[in-house]
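Take a look at this one chain, the form predicted alone, written out in structure tokens.
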Amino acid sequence: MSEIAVLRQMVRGSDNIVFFGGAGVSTESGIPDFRSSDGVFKLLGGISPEKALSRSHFDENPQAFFNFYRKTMVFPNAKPNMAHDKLAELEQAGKVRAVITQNIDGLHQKAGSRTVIELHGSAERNYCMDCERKYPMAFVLDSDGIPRCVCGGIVRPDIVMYEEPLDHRTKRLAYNFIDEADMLIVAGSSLVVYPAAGFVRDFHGRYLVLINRSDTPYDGKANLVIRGSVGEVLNLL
């Protein structure tokens, strides 16, 4: 039986599927990841994304932070790809209960998914650090230099920077969905970045499926490992 046939059989036999996605889900929409040969690392000239997107760097040099952020992290014209569309379809069919994503691009919602847990926040949301007034993505993109609120405070993206903890409520919600799932599909993630990668350890359901172009530390624990494009694989379901 082919890998796709096995995956189809698993999906047919599951009614509580949780999808956990990393950067590889969005690369097919033209959004670069961090570590591939054409990823964000290559755009920095030796400065790591972990430094460029850290809270300490934001506090020390917000101008440099926003220059990098606008150039490499925000893609307002990106469109959902086959993976996003199929997951929305599977949710509507009552198969997928939740999408847990490490991405900040909002493409799952644009495709129609309604239960989306954004571990690292969203570039679609921005707020003033002083008065908490909310601003859309366009405000940050169109601002010169450091985006400022009408009150004078810095408007920051509602994302989790390096050195910042995940939101406790969001993290607990993700854990609960994974704990209750009978099938967990992990796709487009190297599963080497914590704490997000640790979520997979808490899965005790029936089927663990990994879809990724390269090896992950959890390949030996999975019921099914598929090497390939996330969108192409899911589109065959």
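Remember, it's a predicted structure, so these values are computed and weren't measured experimentally. Just count from 1 along the sequence shown to find any residue number.
One more form of this protein exists, namely the form predicted together with a small molecule; it is left out here, but the text below deals with it.
Remark: of stretches 128-136, 101-109, 86-94, 147-155, the one touching the small molecule in the predicted complex is 101-109 (heavy atom within 4.5 Å). Residue-level contacts in the predicted complex: of 52, 209, 191, 181, one residue has a heavy atom within 4.5 Å of the small molecule, and it is 191. Contact check for residue 10: no non-hydrogen atom falls within 4.5 Å of the small molecule in the predicted complex. Among residues of the shown chain, residue 82 is not one whose heavy atoms approach the small molecule to within 4.5 Å in the predicted complex. With a 4.5 Å cutoff on heavy atoms, residue 141 does not count as touching the small molecule in the predicted complex; it lies far away. Although the partner is absent here, residue 31 sits close enough that one of its heavy atoms falls within 4.5 Å of the small molecule in the predicted complex.
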